[in-house]
Ligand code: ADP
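As structure tokens, one chain now follows by itself in the form predicted alone.
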Amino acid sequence: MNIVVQKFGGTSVATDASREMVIQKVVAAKNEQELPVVVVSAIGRKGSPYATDTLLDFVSTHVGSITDREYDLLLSCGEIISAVVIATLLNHNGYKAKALTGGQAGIITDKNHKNADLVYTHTDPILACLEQDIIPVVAGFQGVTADGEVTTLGRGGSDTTAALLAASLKADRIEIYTDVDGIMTADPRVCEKARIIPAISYNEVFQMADSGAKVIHPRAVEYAMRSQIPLIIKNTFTDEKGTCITQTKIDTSQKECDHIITSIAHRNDRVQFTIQENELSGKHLLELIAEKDISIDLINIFPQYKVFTIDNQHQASLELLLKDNSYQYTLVEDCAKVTVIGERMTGIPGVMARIVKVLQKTHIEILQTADSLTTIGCLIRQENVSGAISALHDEFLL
């Protein structure tokens, strides 16, 4: 079977005009003798009547806090509404279609409400539709436990739904439709010269997401990577080719430095802590931090002190922990981590030197660095993010 999984985000199903574009994309696949399996998000974004956050805000405001079970039951409604709407439109346009909840589509999860993990999928319901020339329209972001309880898959769950169904169905590709033309070299809101990346590897997308870029949910990439299914990020509203995500094979013997960087990502609202060692504490500092569920980044450990960053939402909690355990510390607020990403930099000398040189030339102070085989991260002051990214974008000819 020539199966293509097409996932449409909230803006794609938000209006009559956008829904018409969705129908056109699905019909185009049918006309190419492909078998589309459609996955949809809830209609619109926060503020829209049926958006996920709107439903949650309504109950929270008028009733109060709800249990995790009821949370999942409520949040599954938005995607079900979208599935019914798109299936009905396809039927009205002369194409047989059937709306399915996540559970009806065969997605079985564990019992971890609000962020469930896949246990298995059974593809019979979807295959039965395809064999009868029916287009299945699946509500994303949700599944069901073995005993019938509705669960949700966490943020980005509709992307995950598309990828896990594609893996189970052995689909030819996954198309993720949104309101942008593809993955960009940098955030266009802070870098005017940002452009679309035509092709990128699974690993580079992982690194972009981990470094703050809002591209595609990492779990979706993981499912696609395991099955070696190409992921294509496209725009519902244009005919642009988008960005193709695959297991790119890189020739590491190439020594040209013109295009060794694929993208630049950034994460704001970081706080840098420098903490003196404390022999009086009964537990290791990192153990105490882990017990508070505080994630740390850009860590450098020296004999007498440690330096690392955290998200500013955890600042008060960490300061209280340090004071309670008699740690001496200093901090720098309003920081940002800027990360250059590219598989081609592996084994090529001088990349860090170029980054340091261009930031110094732009009079941007580097507070801390960290690197891996495919990334180099620099901590700078948040006010300098736009200047830093633009300068690096020019330096590496993105």
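In this text, the rigid core denotes the largest set of C-alpha atoms whose superposition between the two forms falls within 1.5 Å. Everything numeric here is computed off the predicted structure, so don't read it as measured data. In this text, residue numbers run from 1 along the sequence as written.
The same protein also has a form predicted in complex with adenosine-5'-diphosphate (ADP), omitted here; what follows describes it.
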property	result
Segment assignment from 94-102, 178-186, 324-332, 290-298: heavy atom within 4.5 Å of adenosine-5'-diphosphate (ADP) in the predicted bound form	178-186
The single option of I126, M208, I174, I86 touching adenosine-5'-diphosphate (ADP) in the predicted bound form, heavy atom within 4.5 Å	M208
Contact residue in the predicted bound form, from V221, I260, A213, I80 (heavy atom within 4.5 Å of adenosine-5'-diphosphate (ADP))	A213
Touches adenosine-5'-diphosphate (ADP) in the predicted bound form: T11 (any heavy atom, 4.5 Å)	yes
Contact label in the predicted bound form: R45 to adenosine-5'-diphosphate (ADP), heavy atom within 4.5 Å	yes
C-alpha of P188 moved at least 2 Å between this form and the one not shown on rigid core	yes
C-alpha of V13 moved at least 2 Å between this form and the one not shown on rigid core	no
